[in-house]
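In the block that follows, a single chain appears as structure tokens, in the form predicted on its own.
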């Protein structure tokens, strides 16, 4: 697969930067880039400014887009200021500009007929699910959402999410909000109660792997946005590869940034332990 054919590089302006709990909600004026971005796509932003030693872009999942308003098309991100690059970005003031490439990657598939969908997100990784929920609801689907995090302060915008879905379930590792435990603990009950047809998920890789185990046991389709570090975002550097089984059953080391980030959970070899699985196409026999 090739880079998203809708991708473009441009200098964009920050029109809003607000701290929301542990995260920053940032809005960028991106013009017609907003017309082509779909839930699951991401953008790659140059960080650090001119002369910075941070030469690699940072990838961020798209939260929402709007194709009209005072600034024309806008694109929204939810950013966790963890590393040096994301801290630099979230410290920028309104009207500052950054170099952005997007939209990149694959997007979630939207059913042509109404379905019962279960959306599962972990921490700020849940950001792409909000726009997806709205699209599914507009198409007549039932949408139930599960948001999980280590503590209540790391659940992003639960009230906003609740307005976009039929039901909202929250889990926290420490029990400070919702059900104590991880998201997978509540999934079997929700799947049975709402007769779920498809699961969409975003979040840490361990969480996605656990969701896939449940999806496999119940025979449910699982589309997931994998979380791998993307140093370039355009398929050049090969730092974001994951082992993926194609339609012919051949295992290939596939690039998350162009073959993903949205993938069929059943095709990912989750238990590879960061190593190239035996039998992978092109790998030496050892």
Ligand SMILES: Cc1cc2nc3c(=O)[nH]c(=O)nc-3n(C[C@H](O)[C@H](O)[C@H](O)COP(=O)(O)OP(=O)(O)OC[C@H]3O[C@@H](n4cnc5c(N)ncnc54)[C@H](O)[C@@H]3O)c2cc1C
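Keep in mind that this is a model prediction, so the values were computed, not measured. Numbering follows the first chain given and starts at 1.
The following text describes the form predicted in complex with the ligand, which does not appear among the structures shown.
- With the partner omitted from this view, the residue of 98, 184, 157, 80 that lies near the ligand in the predicted bound form is 80 [heavy atom within 4.5 Å].
- The ligand is not shown here, but in the predicted bound form it comes within 4.5 Å of a heavy atom of residue 229.
- Residue contact with the ligand in the predicted bound form: residue 124 places a heavy atom within 4.5 Å of it.
- Remark: residue 60 counts among the residues lining the ligand in the predicted bound form, judged by a heavy atom distance of 4.5 Å or less.
- Heavy atoms of residue 86 reach within 4.5 Å of the ligand in the predicted bound form, making it an interface residue.
- Considering the ligand in the predicted bound form, the lone stretch of 132-140, 114-122, 184-192, 72-80 in range is 72-80 [heavy atom distance within 4.5 Å].
- Residues in 89-123 all lack a heavy atom within 4.5 Å of the ligand in the predicted bound form.
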